[in-house]
Ligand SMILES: Cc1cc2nc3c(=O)[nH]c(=O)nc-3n(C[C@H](O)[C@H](O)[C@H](O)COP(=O)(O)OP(=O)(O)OC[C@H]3O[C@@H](n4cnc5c(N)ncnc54)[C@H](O)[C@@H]3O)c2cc1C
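Next up: just one chain, as structure tokens, the form predicted alone.
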Amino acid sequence: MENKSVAVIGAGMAGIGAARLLADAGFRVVVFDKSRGMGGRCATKRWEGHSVDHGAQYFTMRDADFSREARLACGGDLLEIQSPIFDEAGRELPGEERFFHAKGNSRLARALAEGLDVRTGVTIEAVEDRRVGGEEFDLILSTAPWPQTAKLVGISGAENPYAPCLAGLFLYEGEMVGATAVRYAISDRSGHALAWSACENHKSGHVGEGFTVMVVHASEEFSRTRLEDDPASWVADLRALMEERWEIPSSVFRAVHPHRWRYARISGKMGIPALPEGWHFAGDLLGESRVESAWLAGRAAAARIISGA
């Protein structure tokens, strides 16, 4: 077993979860990612002097194994959001523990990947003879979104079961402006363009003194309709809707950053076609679009590889 090598494509939560289990089982594992950092959609941006989680806003720890590993890896940097989330009608949503990393949620993946061979900034356009990053591997585990994985494998016309999400980061002068002092977020499932809007100030240490940072995720319908539009147009519309909802005066607006998530979450289930020998796939496509679900999907794929070794 120790002679077998595995290339893991993608340093998101699924990739890191799989790589850790495979490495612990004696495989030689190398993780590749086209981004400069780790975490995938568990993403943090250093912006205007603030740390802003513009992907996964928080994570749960319902699974005992994930909870144990996250607590061991993060230590005192693992914190809980104390402020409530409301729905579009102003009702507080039932509480469950919602966690974040003090230095940004992408640090969760980095902490869980401690000691692994992770090579970032590596773009993989094609894979021939199981060669990735100039090396040949016995096995390949792709945790890239299914359309990207299918392209690498050579499957044409692959189904896309993911919903996109247009996101915006908004900076305001003044701390806890508008209605942000009394709520962390508003989750709207009514179909309104603002599916999610949240105040990053409720995550201790993320926002500098004298400012408020808001994060907005648009609805699936809005995101699909406006995905290829000029970001300046759709982010301006989201800003206006968010300021109205949160009673934030436009006069204190200071900066904006738009972001497109083309593969934000799973919108429909699908079966994975048979893959070539030596190839494996993992990701939240096989479970739920949650941080810990992606980690668990990666672990499950690793366990299948180990059992078949």
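Remember, predicted model here, so these are calculated numbers, not experimental data. In this text, residue numbers run from 1 along the sequence as written.
The discussion below concerns the form predicted in complex with this ligand, not included here.
- This ligand is not shown here, and in the predicted complex it never comes within 4.5 Å of any heavy atom of R28.
- This ligand is not drawn, but in the predicted complex it has no heavy atom within 4.5 Å of L241.
- For R290, a non-hydrogen atom is located within 4.5 Å of this ligand in the predicted complex, even though that partner is not displayed.
- Contact check for R245: no non-hydrogen atom falls within 4.5 Å of this ligand in the predicted complex.
- With the partner left out here, this ligand still marks one of 67-75, 141-149, 219-227, 206-214 in the predicted complex; by a 4.5 Å heavy atom cut-off that stretch is 141-149.
- Contact annotation: of the candidates V235, C165, I186, C199, the single residue with a non-hydrogen atom within 4.5 angstroms of this ligand in the predicted complex is C165.
- Every member of the trio K34, A56 and W261 reaches this ligand in the predicted complex with some non-hydrogen atom inside 4.5 Å.
- For the stretch 35-55, the set of residues having any non-hydrogen atom within 4.5 angstroms of this ligand in the predicted complex comprises S35, G39, G40, R41, C42, H54, G55, in sequence order.
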